[in-house]
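In structure tokens, the next block holds one chain alone, the form predicted on its own.
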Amino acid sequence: MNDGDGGAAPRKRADAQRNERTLLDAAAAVFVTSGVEAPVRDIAARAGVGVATIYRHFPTRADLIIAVYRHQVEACAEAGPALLAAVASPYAALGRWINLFVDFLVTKHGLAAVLRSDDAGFHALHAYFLDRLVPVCAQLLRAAAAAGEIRSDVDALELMRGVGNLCIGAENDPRYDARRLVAFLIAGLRQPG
């Protein structure tokens, strides 16, 4: 009987993790298109669950937003090496990663407003963001530079700040296409040839 119980518990945990990832993916997608103040019912509909399910996992909007933030940081961190392995050129991998980063940044700008009252919490999340993503961006830049596709003097943090600055305001103006402007910036990294 213990064997059956032992087998059921891990599966339930895996199912719960998968369900949470589905909720976080849905929330991130809704936040990118509608902002962090989007109705929870929109997130529930996109995830294919009831509103109560979201509140069971994330009792407050701040809990949900912080979880989405961490989820997106991890997704961006994992995507860098995966893209380098799967995409034909390091420059193309960098471009695709930057697009993921832009989507993340649009959500992140909304997070700042939600956490304004918890300055220490926001700074801890920002440090986590830098610790996880700057090395990934640096890896992509090194690979593209080693392949002769981009200039070799690009600093990861500097590039990420530039991309971040181009994303400011994108969440409030549907006419502003941050991805388009960021694409110009990334094109400017190309090695003259």
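Basically, rigid core = biggest C-alpha set you can superpose within 1.5 Å across the two forms. Keep in mind the model is a prediction, meaning the values are calculated, not measured. Numbering starts at 1 and runs along the sequence shown.
What follows is about the form predicted in complex with a further copy of the same chain, which we do not show.
Trainee: Judged by heavy atoms and a 4.5 Å cut-off, are Val154, Leu181 and Leu189 together in contact with a further copy of the same chain in the model of the complex?
Mentor: Spot residues vs a further copy of the same chain: full contact, yes.
Trainee: Between Ala124, Val51, Val134, Ile168, only one gets a heavy atom within 4.5 angstroms of a further copy of the same chain in the model of the complex; which residue is that?
Mentor: Contact residue from the list: Ile168.
Trainee: Can you pick out, from Arg41, Arg70, Arg161, Arg142, the residue that has a heavy atom within 4.5 Å of a further copy of the same chain in the model of the complex?
Mentor: Partner contact (heavy atom, 4.5 Å) among the options: Arg161.
Trainee: Decide whether Arg175 counts as a contact residue for a further copy of the same chain in the model of the complex under a heavy atom distance cut-off of 4.5 Å.
Mentor: Within the cut-off, so yes.
Trainee: Does Leu185 reach a further copy of the same chain in the model of the complex if we count a contact as any heavy atom within 4.5 Å?
Mentor: Looking in the model of the complex, residue contacts with a further copy of the same chain include Leu185, since a heavy atom lies within 4.5 Å.
Trainee: Choose from 56-64, 27-35, 43-51, 145-153 the stretch whose residues reach within 4.5 Å of a further copy of the same chain in the model of the complex, heavy atoms counted.
Mentor: Stretch with heavy atoms near the partner: 145-153.
Trainee: Relative to the superposed rigid core, does Gly162 relocate between the shown form and the other one - that is, does its Cα move 2 Å or more?
Mentor: Gly162 C-alpha, core-superposed: shift of less than 2 Å.
Trainee: Indicate closer or farther: the Cα atoms of Ser34 and Leu83, in the model of the complex, relative to the displayed form, with a change of 3 Å or more.
Mentor: Those two alpha carbons end up farther apart in the model of the complex.
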